[in-house]
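Read the single chain below, which is given as structure tokens and is the form predicted alone.
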């Protein structure tokens, strides 16, 4: 059994990790670390786990675990790893943005590999430290990677993506409060969102040139999911685009190309990304949908863990969408 430690287990991503790991056939949770809830039952923070675990949060760590998941706020993973030294055999999967960019990937004696399996599967298999991608970054990259691989992102790319309230984390703020969020919609960080760095980095690694991306993120009045639309000029026809995407994702078990228009309910509570292509005149519209807490965070982290330990990529992630 793979012994697992979780740092920052009281938030949304920590809760989803615990849920997935409890049901994973090859994992055993060794500890769930939380400075704010140490000694309290995990079910006090994650009521959906009632009857599934009687474990409590702790403020101590076991530095000998096989794999460590860091579910900390951005900037805190580096501080934590500076405080604790883990065994040489411990794999680390970080869910913050601390190590995603190339110039941040080297830390102490560790080299973090960017953990997008559809792009870096072989590198992930041979890695010890993984920087899990951001949620918006996952949805947008999966929408654009096939075009970048073919060198076809030659013009501006315009993206509109809307996320559920869980994307803002468990902490309260004026824009995550129910009375503000319900029956409401707004944009934030227009053209400057922090995930643009990792998106541009991946696209450039395939196309070898900068891609101009204009990204408008939005807050939705729902709890889970990301629905992203991206469009750019495309000289080929729809059949050519479809063949391009089918070929690129032929070995990607969680990325599906749909001939029909897609919607969020197809992917919520799953580790799937669904993609749909639409051609209008000389413009290709690519729509992608994911669950921001699973394929955009904890599910993808488990997917990376499976690759690190030589397990089937889909182990513990055969989840049904909450379709109705």
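On a predicted model such as this, the values are computed, not experimentally measured, just so you know. Numbering follows the first chain given and starts at 1.
Separately, the form predicted together with a further copy of the same chain exists; it is not shown, and the next lines address it.
19, 45 and 190: each with a heavy atom within 4.5 Å of a further copy of the same chain in the model of the complex?
-> Verified in the model of the complex; spot residues all in contact, yes.
Pick from 86 to 94, 109 to 117, 122 to 130, 153 to 161: which stretch has a heavy atom within 4.5 Å of a further copy of the same chain in the model of the complex?
-> Contact criterion met by 153 to 161 only.
Name the residue from 211, 216, 244, 206 that puts a heavy atom within 4.5 Å of a further copy of the same chain in the model of the complex.
-> That would be 216.
Is there a heavy atom of residue 287 lying 4.5 Å or less from a heavy atom of a further copy of the same chain in the model of the complex?
-> Contact check for residue 287: yes, within 4.5 Å of a further copy of the same chain in the model of the complex.
According to a 4.5 angstroms non-hydrogen atom cut-off, is residue 293 in contact with a further copy of the same chain in the model of the complex?
-> Contact check for residue 293: yes, within 4.5 Å of a further copy of the same chain in the model of the complex.
Does residue 321 make contact with a further copy of the same chain in the model of the complex, using a 4.5 Å heavy atom cut-off?
-> The answer is yes: residue 321 has a heavy atom within 4.5 Å of a further copy of the same chain.
Does residue 39 reach a further copy of the same chain in the model of the complex, with heavy atoms at most 4.5 Å apart?
-> It does not: once a further copy of the same chain is placed as it appears in the model of the complex, residue 39 has no heavy atom within 4.5 Å of it.
If we check a further copy of the same chain in the model of the complex, which of the residues in 251 to 272 reach within 4.5 angstroms of it by a non-hydrogen atom?
-> Residues within 4.5 Å: 256, 257, 258, 260, 261, 262, 263, 264, 265, 266, 269, 272.
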